[in-house]
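Here we start with a single chain on its own, the form predicted on its own, put down as structure tokens.
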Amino acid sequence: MKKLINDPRDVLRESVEGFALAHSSIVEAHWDPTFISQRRPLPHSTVALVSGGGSGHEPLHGGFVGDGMLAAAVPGAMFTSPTPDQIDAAFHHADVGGGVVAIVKNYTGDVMNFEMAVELAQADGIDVRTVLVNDDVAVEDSTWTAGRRGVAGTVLVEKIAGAAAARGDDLETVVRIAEHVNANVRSMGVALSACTVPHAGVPSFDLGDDEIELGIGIHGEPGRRREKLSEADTITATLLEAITDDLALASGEQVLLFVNGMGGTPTSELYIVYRAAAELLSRAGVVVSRSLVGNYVTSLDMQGVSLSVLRLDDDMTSLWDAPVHTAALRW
């Protein structure tokens, strides 16, 4: 293992410290328990969005704390859910009287710990609602989750729901919009190589030089099948077919196409995948009216990519276009 770290036990703290220093005009770090919040408090009675999960997926979630997205993010240890006391502290800090929307990826540990934190916060009088993200079409069940996993579509939920909160929508409306985004986004990924968790020191699974894992999860969970490496266009078509079949897209619909790198894939390759996916959607009569390409929901140093397609309507498009200012996403 070759990594730019000191002691593997200090990776989370040192990474959060560096992140907060680098983006001190946007965020601040809190310790004992650890979470990241917007430096500038939300206006009174604004709905606050809070999310979190294991580290190793940066910039998710801390990179999306800021104006127009998350009020706070809670990082756990590498690939490990944050603890209920961390999440509860973030809820208390973020709430400004408008209630809190907890955006939770569908992994067993995340769901369980967020549920406990929600109960703690509600006992203290904070109105917290949970939105579960489960956009991964690769598998219906696994040892990591009950039902579909929450993966790259989480970014789209956070952005659009965050814009709804920023324009002044109430708690019920923000929840409804977040759930609407989740219902209309589907994702699927592929791994060309495994990732290496610092405290483990070895790759999380084995892939042959000529093998890929289709439908991989963001922690290295098994996908639909393992097969031989093929051209980028063929792999893209396989991922996209699973997504569009599940989403039941019709000709004439507008979508956002999101090509997400898993951490170890060059940007040039992400654009090759985007090119192929956009062309296939166009042939099917689907209009790609919005796009996002880059490393947003990673898996440490894994080589691979995920595709996400979000069916758009006028309100979602307007909310996607709304201003955002975070470390990882801004316009």
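Note that the coordinates shown come from a computational prediction; the quantities given were computed from them, not determined experimentally. Throughout, we count residues from 1 along the sequence that is shown.
Although it is not shown, the form predicted together with another copy of the chain is what the next lines describe.
This chain lacks the partner; the member of Asp233, Glu253, Asp127, Asp85 within 4.5 angstroms of another copy of the chain in the predicted bound form by a non-hydrogen atom is Asp233. With the partner omitted here, the residue from Val50, Val47, Val305, Met69 that has a non-hydrogen atom within 4.5 angstroms of another copy of the chain in the predicted bound form is Val305.
Comment: 223 to 231 is the region of 223 to 231, 112 to 120, 162 to 170, 99 to 107 lying near another copy of the chain in the predicted bound form, near meaning a non-hydrogen atom within 4.5 Å. Within this chain, Pro266 lines the site of another copy of the chain in the predicted bound form, having a heavy atom no more than 4.5 Å away.
Taking the partner from the other structure, another copy of the chain in the predicted bound form has a heavy atom within 4.5 Å of a heavy atom of Val273.
Within this chain, Val11 lines the site of another copy of the chain in the predicted bound form, having a heavy atom no more than 4.5 Å away. Using a 4.5 Å cutoff between non-hydrogen atoms, Leu207 counts as a contact of another copy of the chain in the predicted bound form. At a distance of at most 4.5 angstroms from another copy of the chain in the predicted bound form, all three residues His23, Glu58 and Glu211 contribute at least one non-hydrogen atom. Shown without its partner, the chain has Met1, Lys2, Lys3, Leu4, Ile5, Asn6, Asp7, Val11, Arg13, Glu14, Ser15, Glu17, Gly18, Phe19, Leu21, Ala22, His23 in segment 1 to 34 as residues with a non-hydrogen atom within 4.5 angstroms of another copy of the chain in the predicted bound form.
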